[in-house]
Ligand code: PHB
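Just the one chain here, the form predicted alone, laid out as structure tokens.
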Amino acid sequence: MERTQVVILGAGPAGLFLSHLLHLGGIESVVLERRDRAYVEGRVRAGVLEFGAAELLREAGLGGRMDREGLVHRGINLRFAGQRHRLDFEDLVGRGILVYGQQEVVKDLIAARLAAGGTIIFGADAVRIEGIESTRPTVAYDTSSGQGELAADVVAGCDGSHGTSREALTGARRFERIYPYAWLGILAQTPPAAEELIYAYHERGFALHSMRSPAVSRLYLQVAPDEELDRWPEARIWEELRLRLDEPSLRPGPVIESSITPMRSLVIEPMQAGRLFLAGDAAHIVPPTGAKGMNLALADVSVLAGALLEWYRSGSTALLDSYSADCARRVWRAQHFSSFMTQLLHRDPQGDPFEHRLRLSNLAYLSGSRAAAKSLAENYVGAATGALG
């Protein structure tokens, strides 16, 4: 049996950033990742970094490529009732966001960990976690070349919503909401039709215009949760996007990737049991409308890293004991905002005309009231200093 100080399950933003922060504090870790490196670096997920999340990455020495290639956005656009309304975040709250794909954050983190001699075992499927109530929990894992087992002081579960760590957590309560919507998302080789994100509310359903680079766009359509992807050929997707977004400069381009994602909210509380700590999607899921998923993951592990550093330095478990409670305020604020944005911008599946007019009224209020717009901006861009709030 091999031994390390911290075993981290999952090489997404949460697991890799935790490993990096621990390394900066002189703590050894091993990251186990079920998929291979090419898959991990290629999977397209979120792309919006809050002000504070970008600051965290810079402070950890990871901001070089992000600042060179990331797209600075000073606001967003709301489109409804045939008009586009811009919310100027910098004017409202003095800061904006950065569009930088999650896969790019992951590439930067992998490069940094490997350059520093860190251990990431790709193709390692964690099959069993034992002894979390002891002082020496263990993780058994399978690889193509055989089985392995790691003993550690702590196990950090950063392995997403279908990982082993959530199953191993005992005594937790599950809070969940399933939404009657799904997103059909595409990544396309076409220049963005606008300089900033467009959130469109249309009688036919929600649409989102986003981007990953000056040459690649990320676009979404509201569809039914049980919709099938093969019912959406490229021509139909582009036709629906043009209709809902109503952007003359939107140009169809080759679709690199397409998928349908159901919408749900989930929180596991507490996010810890014994020597097992969950972070990121393993602990909570937010609908993507609020752009909070990656930001929550980075915030979680910054709290956890600080608690582990204090424990190794002083022997005090105070911060480890309060880890879940310390994360809860930000997690539930993000859940509230994400739920608000989701229900505001998606057309009621039953086509209720009363609900439709309520949504239009709320959108008009958000775009016409500085106080309402400021509240949305504060929630969207996150805390002014650091990602913890």
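Residue positions are given as counts along the sequence shown, with the first one as 1. Source: prediction; values computed, not measured.
Note that the form predicted in complex with the named molecule isn't included here; everything after this is about it.
Margin query: Given that the named molecule is not shown alongside this chain, does residue 52 nevertheless sit within 4.5 Å of it in the predicted complex, heavy atom to heavy atom?
Written below: Residue 52: no contact with the named molecule in the predicted complex.
Margin query: Is residue 208 part of the interface with the named molecule in the predicted complex - any heavy atom within 4.5 Å?
Written below: Residue 208: contacts the named molecule in the predicted complex.
Note to self: Can you tell me if residue 331 lies within 4.5 angstroms of the named molecule in the predicted complex, counting non-hydrogen atoms only?
What the structure shows: No.
Notebook entry, point to check: Though only this chain appears here, would residue 302 touch the named molecule in the predicted complex if you measure heavy atom gaps against 4.5 Å?
Noted result: No - in the predicted complex, heavy atoms of residue 302 and the named molecule never come within 4.5 Å of each other.
Notebook entry, point to check: Does the trio 18, 277 and 306 actually contact the named molecule in the predicted complex, every residue with a heavy atom within 4.5 Å?
Noted result: No, none of the three is in contact.
Checklist line | Proximity to the named molecule in the predicted complex, single hit among 92, 110, 154, 291 (heavy atom within 4.5 Å) | finding: None of the other options qualify; the answer is 291.
Check: Among 168, 197, 182, 245, which has at least one heavy atom within 4.5 Å of the named molecule in the predicted complex?
Finding: Checked against the cut-off, the match is 197.
Next item on the list: Quick one: find which of 358 to 366, 58 to 66, 317 to 325, 42 to 50 has residues within 4.5 Å of the named molecule in the predicted complex by heavy atom distance.
Entry: Only one stretch qualifies here: 42 to 50.
Next item on the list: Sequence order please: the residues of 214 to 233 with a heavy atom within 4.5 Å of the named molecule in the predicted complex.
Entry: Contacts from 214 to 233: 218, 220.
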